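Take a look at this single chain in structure tokens; it is the form predicted alone.
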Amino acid sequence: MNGKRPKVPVIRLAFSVLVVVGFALAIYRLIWGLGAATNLTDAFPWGLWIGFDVLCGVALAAGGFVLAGTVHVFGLKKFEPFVRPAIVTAFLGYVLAIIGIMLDIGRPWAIWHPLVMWQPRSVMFEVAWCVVLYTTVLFLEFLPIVFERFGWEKPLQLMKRLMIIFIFAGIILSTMHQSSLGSLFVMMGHRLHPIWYTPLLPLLFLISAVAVGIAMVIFEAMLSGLIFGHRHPAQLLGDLSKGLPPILGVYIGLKLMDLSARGVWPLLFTNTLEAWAFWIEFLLGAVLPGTLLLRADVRNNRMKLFGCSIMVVMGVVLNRLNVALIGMLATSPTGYLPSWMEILVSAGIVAGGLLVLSVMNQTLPIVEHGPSARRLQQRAAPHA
């Protein structure tokens, strides 16, 4: 030991500052209310904390059920090394989304009411129950990682026997509420801009969640390789990305047919915020990456694949923000722009999640390399 204190990485220090600031502002919001901390109004009651923290957070956490289904239902075992990171990220994503919901609702201490005050005809009731149940399932799927870390063999073996039940429950619950989030906006036909309002919103939300689930797994795997040295074979990442073109193709096809059936095309060629927002979301977030990933040289090149995964992630983020925020502006008498407090609280929530994920990656056996992945690694080593 040389007596020197270990240096704290600058980015981790910056994230810690954001967490402290966000936490302080969250306390301010809880004490003084939404009116003092946000720019929300009765005419525009859902803002950044719903559009970004919840809608985007839930969508970006879709990798958990997508990879679990890919490996354990469809039997593509070579992608098993991605399952644990996907589940951990999904679990953190849902916890952060719940924090966002607690800050956004007027009386956060009443968040437990849907558990005992049932409204079976309410879409929001279904979303609330599915989120609670799926977060519980993700926690149970996460527990074997903890048990393995501390060498608790008996509970680990028990959880492994029950895991297939949790996996099927997670797929069902996640599929239900990913689409139900779109159903919430189907009921807002009088508010949502025609570019995005469609009865197909639940289906479009679900398909785009599946696409971004795969993209997020690729994005996280590459970042993990850069930061923590958990380097996956380029061929394995490329094989995983093969699922994106057909999924994005179905999404694009449904979108184009829907726009034609509803006669919305003239609105897309106007010089308006809504038209520009749509084309950025659609072309850069779906059409371009979906087309590029048809090429093997793009799928097997780390940097090109990383860029395509970022485009898909940003495309879905923009889609959710367009539906929840941009698409509501034209019919709002007051308009809406997030306050600086809303922005910093959201930044603090994201920073907190990244810090926790960083600690987990360093202390828990999250990344595991199965036999197929090791064989790929050995074959790809001279070319990766």
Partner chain sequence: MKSLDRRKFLAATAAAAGSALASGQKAEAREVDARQFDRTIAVIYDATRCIGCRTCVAACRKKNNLPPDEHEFEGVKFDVPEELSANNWTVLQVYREDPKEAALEGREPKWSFLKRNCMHCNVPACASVCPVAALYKTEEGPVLYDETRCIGCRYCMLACPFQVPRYEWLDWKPRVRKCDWNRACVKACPVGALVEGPRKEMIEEAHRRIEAEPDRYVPHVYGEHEAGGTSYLILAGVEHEKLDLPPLPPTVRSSISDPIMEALPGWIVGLGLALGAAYKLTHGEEKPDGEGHPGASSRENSKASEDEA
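Note that this is a predicted model, so its numbers are computed, not measured. Residue numbers count along the first chain shown, from 1.
Below, we refer to the form predicted together with the partner chain, which is not included among the displayed structures.
Taking non-hydrogen atoms only, residue 126 approaches the partner chain to within 4.5 angstroms in the predicted complex. None of the heavy atoms of residue 347 is located within 4.5 Å of the partner chain in the predicted complex. Using a 4.5 Å cutoff between non-hydrogen atoms, residue 233 counts as a contact of the partner chain in the predicted complex. Interface membership of residue 141, defined by any non-hydrogen atom within 4.5 Å of the partner chain in the predicted complex, is ruled out.
Taken together, 45, 113 and 122 are fully in contact with the partner chain in the predicted complex: each brings a heavy atom within 4.5 Å.
Interface residue among 156, 313, 171, 288, judged by heavy atoms within 4.5 Å of the partner chain in the predicted complex: 171. For the residues 193, 255, 84, 302, the 4.5 Å heavy atom test against the partner chain in the predicted complex is passed only by 302. Only one segment in the set 183-191, 279-287, 263-271, 146-154 has any non-hydrogen atom within 4.5 angstroms of the partner chain in the predicted complex, and it is 183-191. For the stretch 33-52, the set of residues having any non-hydrogen atom within 4.5 angstroms of the partner chain in the predicted complex comprises 33, 34, 35, 36, 40, 41, 42, 45, 46, in sequence order.
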